[in-house]
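Here you get one chain, nothing else, as structure tokens; it is the form predicted on its own.
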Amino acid sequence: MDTVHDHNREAWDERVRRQMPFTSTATEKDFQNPLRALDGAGWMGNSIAGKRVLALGAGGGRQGPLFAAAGAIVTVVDVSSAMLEQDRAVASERGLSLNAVAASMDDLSMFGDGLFDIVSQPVSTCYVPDVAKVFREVARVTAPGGLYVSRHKQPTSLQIDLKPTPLGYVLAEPYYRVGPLPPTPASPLRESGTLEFLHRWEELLGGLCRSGFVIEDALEPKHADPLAPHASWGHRGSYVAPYIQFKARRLASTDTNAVKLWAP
């Protein structure tokens, strides 16, 4: 496990140095309405002022500063010190306050139980082998009734080739695979240089429920473009959705046998 963490820490530090995709900080436009920039679905309500927010696996100078600008009490956790430095720099430039902590998303032992009202996690669980550990840690540090908004790479999207064959997009990777995915060239979907892991639906959905959350809603951000050139990002997105987003509520009860999957 430490080997995976160390590898991904160094990979993301290098991605920051090279200004690669997903290392850009929040824009001026984002700060005009920070909560909307973070929560286009409106899952967090009209205001998060005074809320204790954990931005998990979310370094890079975007989520943390935007949550702070929206009035939240913010802690950012990321494995990459270079990504966290961007959070500190943006916060300093804008006179915002946040706490940046270098740690892995599957070990939050530095935080007490029920410490956060909201945990927001962008696409990042793909960088750990066991997503269940992440969910258990998030459940522990989330207050009863608290909100966990998380985004993940869909397993099928990680199975299929990045480019189509004459027969279409081929399932090239086994669903029940062990270990990290093979290295890949840079693409909008895969972050070259990192170790990534495919998590099955039972691990994503079942893992959330078993850890003590009720799933209230789910979205598949649309990246399909029927007019996009063949083999492009928009073309591929017309055949398989790359991401899934969950709104989950921490049970007030510790009886995980009572957990159910539902939609309001």
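Numbers for residues come from their place in the sequence shown, where the first is 1. Not measured: the values here are computed from a predicted model.
There is another form of the same protein, the form predicted together with a small molecule; it is not shown, and what comes next is about it.
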I need the one stretch from 223 to 231, 28 to 36, 208 to 216, 52 to 60 whose residues put non-hydrogen atoms within 4.5 angstroms of the small molecule in the predicted complex.
52 to 60
Answer yes or no: in the predicted complex, does the small molecule come within 4.5 Å of a heavy atom in every one of S120, H152 and F246?
no
Note: exactly one of S157, S80, T142, T75 sits with a heavy atom within 4.5 Å of the small molecule in the predicted complex, namely S80
The small molecule: the contacting residue among F116, Y127, Y148, F135 in the predicted complex [heavy atom, 4.5 Å]
Y127
May I ask you to state whether A103 is within 4.5 Å of the small molecule in the predicted complex, using heavy atom distances?
yes
